[in-house]
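Only one chain is included here, represented as structure tokens and corresponding to the form predicted on its own.
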């Protein structure tokens, strides 16, 4: 660690992993409720478990992005963070606000929570993924503004690099697009249109810029490849992400009442969306292949390569499977969508946050990398989680294909609940894979407590990989 203020990233990373555990636990609760409808009812109804599961996902990934930014911005800018005290203050405000919101979901009915938090004054609640009370949304905006001010001032007073500029564009875009969560028109078509401006343009737009910047930073550090080479790759990835992501949003406009031309625009540009993710895969493997030194943190390199592959499969391949409007007509809102969402979020965003944690956490603890023994344990965690997520995706895909055939495509379509009974085996298998995923996450966390012999840096040139 080159700058003392980089250490403010540590509490953000710890909170991110803690919230990640909570997200998986509620995912397992939901998984059981699919096959045991009265499980934990009425204490935790399915709709509440789903809100907690998805909200924890968003919050822990945001904690991860903030921690990653607080670590890499000082190093990229070659200067201390503008205000470490502001960063710590915003950490506690965000954590407490998030915790109170989750407690609110669990403790009182949602309508009561809306009444208690003044939703009538500025109605913003009740929309999927944006269920947060209005007061929480305002808190998120305050935290985001303070965060962007802090890292922005750091960039302004120090060195400017392509990585820090791309990251800042992504972070500002994230904050600006979240403001559409406050726009709540009475027209349901307008409501869904601008709702996607938050949900889609986050994950398939500005978040991809953040992903690319973090991945580029880690690859520079662990491969020793020239910055100019990595930055050229980053520029191409960012250009393709924005070109495909902005108009590719049209695949969400197919069936909500928008003009018919969105079926053509959405199909064409969303079919191109796998390209930036495929470029990320080539990027990661190319940089590892061209490495000029053998960095001792093998686990971080594994996360970097895994992120490229899984993001391409989950966001790219599984996204493409049901993105063309003639196909989406049948698959929209089915378990095929859930399969895509699970692997895409894990591959693109969960893995890049864990990649950054894997690289930076040892440095913040005063060592170049975790011990070899700790890295072996961490790699076991990587493979358990990644293989489990592959099986979760495959089981949900099987459930989705059968669901579409029985419920929507056949000459004698069956009712929703009749079909759910017939695909229950896939839900049981998904639940089993989820248990193994939780075990893998536990192994990943355990790896940070494993002691062993210290590793050293080998600065000799490494031969190109085959």
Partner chain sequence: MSETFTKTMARNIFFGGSLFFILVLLGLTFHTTKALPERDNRQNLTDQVAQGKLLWEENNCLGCHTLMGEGAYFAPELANVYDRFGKNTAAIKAFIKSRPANGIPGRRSMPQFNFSDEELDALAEFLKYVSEINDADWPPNIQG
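Just so it is clear, the model here is predicted, and its values are computed rather than measured. Residue numbers count along the first chain shown, from 1.
Quick note: we don't show the form predicted together with its partner chain, though the next part is all about it.
Residue 137 falls outside the set of residues with a heavy atom inside 4.5 Å of its partner chain in the predicted complex.
Within this chain, residue 270 is remote from the site of its partner chain in the predicted complex, having no heavy atom within 4.5 Å. Contact annotation for residue 369: none of its heavy atoms lies within 4.5 Å of its partner chain in the predicted complex. Contact check for residue 191: a non-hydrogen atom falls within 4.5 Å of its partner chain in the predicted complex.
The candidate spot formed by 26, 176 and 284 is out of contact with its partner chain in the predicted complex: none of the three has a heavy atom within 4.5 Å. Between its partner chain and the residues 102, 141, 93, 256, the one pair within 4.5 Å by heavy atoms in the predicted complex involves 256. Proximity to its partner chain in the predicted complex, defined as a heavy atom within 4.5 Å, holds among 207, 318, 233, 345 only for 233. Only one segment in the set 326-334, 69-77, 381-389, 309-317 has any non-hydrogen atom within 4.5 angstroms of its partner chain in the predicted complex, and it is 326-334. For the partner-free chain shown, 407, 408, 413, 414, 415, 416, 417 of 395-418 come within 4.5 angstroms of its partner chain in the predicted complex, judged by any non-hydrogen atom.
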